[in-house]
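To begin, one chain is listed below as structure tokens, in the form predicted on its own.
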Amino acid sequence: MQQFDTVILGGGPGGLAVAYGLHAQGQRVAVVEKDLWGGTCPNRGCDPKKILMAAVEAQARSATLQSHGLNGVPQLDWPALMAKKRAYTSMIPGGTESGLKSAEIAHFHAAARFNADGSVQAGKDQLKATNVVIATGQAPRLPHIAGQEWLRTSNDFLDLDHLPDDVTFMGAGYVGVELATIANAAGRQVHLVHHSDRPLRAFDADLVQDLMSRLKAAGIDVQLMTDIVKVEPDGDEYRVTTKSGASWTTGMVFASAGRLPVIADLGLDQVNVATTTHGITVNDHLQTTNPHIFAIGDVVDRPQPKLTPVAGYEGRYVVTALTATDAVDPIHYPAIPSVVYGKSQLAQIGVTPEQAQRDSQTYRVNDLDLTHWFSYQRIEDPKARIKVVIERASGRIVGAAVLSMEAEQVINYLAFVIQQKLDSVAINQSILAYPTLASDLTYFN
């Protein structure tokens, strides 16, 4: 049995933040990873998706400027785009493991499972530690339908040699909307099926409706209030049947409705760690129901968005919690920006417009059509809109929802404004480059 101060289950961004942080504090740590070193985000998640999306965004910018200085819309070259993606992702596992080796951090490429005595079984190796941190993340969920075995996931989409002429996505959440946008930009016929009339439920309903309208205008077959109930082979393709009775043939069907915490084979019952269907239960110090076992990242059942930066933030908090000589305060999350990427980006942070409307005595909402503001007019953004939530007592911006081709940049500027608690006076005292998205901040209050 090998002895460590802390064992980390999961070699993704959250787990690695813990490993390197504790190692720097002199702890003897070990990392156990059963899949790809580096985790989901850089291997088959946010990073490769954003590489593909770069071409989509460039195509969209070009399309809006036709007859406004540009002629000809570039077409996506799928094999070349996939080659660029693979040039990046192929280096991640080896580079991550090399980093651990160089730092002399013990690491095991094996499935992990708790033993009854609290030790961790990593393949043939048995690891004992004072504390364990679980950072195993999530994996795509396959719905239980007839023909489940024919379904693909986002993992498959992001590594396709060939993208069929017709593709179908089950679920219009982050994953479904983003992958549908990529496939549509690549010139494919796309079907996006969602079980309710409210896709992207965490985001502002008005802006989601605007986004769905744009997807439809781009040629995506958006079907709401129905479910796919059956998938079966039909020659070289698949026949899809929905609950409403619609049926069509398609080249591939991707399950894009949600993800599940990777906890099934960890043996958590052996060490009295409580879970829900949404993940591991933790307190405000990220401790599980076993005080010597912590959990961070997407595997945790918590209201905060399941995003890579959140996992890293929690990892750094756990490092402090495990090395501080005095008791540490409960974890406090800053305002967290969320973005649905695409030709038009949907972003949100802080207090939502819906929350503000329910508490109108505390907040007011500025609903601004930005389409004809110079920053958006110059790029011919077809419709740009922002809802800014302002705290009445202080006059500070405390939240926002944005739909535009520039939303990812705007929401990060607002993240800084909110985190620093800047009011309109403080913002106006800054001299910002003009005309830019940053200089628009002075008009949001």
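These figures come from a predicted structure and were not determined experimentally. Residue indices: 1-based, along the sequence shown.
The next section is about a form of this same protein that is not shown, the form predicted in complex with another copy of the chain.
Colleague: Where, among 218 to 226, 255 to 263, 236 to 244, 312 to 320, do residues come within 4.5 Å of another copy of the chain in the predicted complex by heavy atom distance?
Modeller: Single hit among the candidates: 312 to 320.
Colleague: Within 4.5 Å of another copy of the chain in the predicted complex, do we find a heavy atom from each of Ala54, Tyr88 and Pro337?
Modeller: Looking in the predicted complex, the three residues Ala54, Tyr88 and Pro337 all sit within 4.5 Å of another copy of the chain (heavy atoms).
Colleague: Does another copy of the chain get within 4.5 angstroms of any non-hydrogen atom of Gly72 in the predicted complex?
Modeller: Gly72 belongs to the contact set for another copy of the chain.
Colleague: Find out whether any non-hydrogen atom of Thr308 is located within 4.5 angstroms of another copy of the chain in the predicted complex, and reply yes or no.
Modeller: So Thr308 counts as contacting another copy of the chain.
Colleague: Would Phe203 show up as a contact with another copy of the chain in the predicted complex if we use heavy atoms at 4.5 Å?
Modeller: Contact with another copy of the chain, no.
Colleague: Would Arg61 count as touching another copy of the chain in the predicted complex under a 4.5 Å heavy atom rule?
Modeller: Taking the distances in the predicted complex, the answer for Arg61 is yes, it comes within 4.5 Å of another copy of the chain.
Colleague: For a quick check, can you give me the residues of 363 to 401 that have a heavy atom within 4.5 Å of another copy of the chain in the predicted complex?
Modeller: Contacting residues: Phe374, Gln377, Arg378, Ile379, Glu380.
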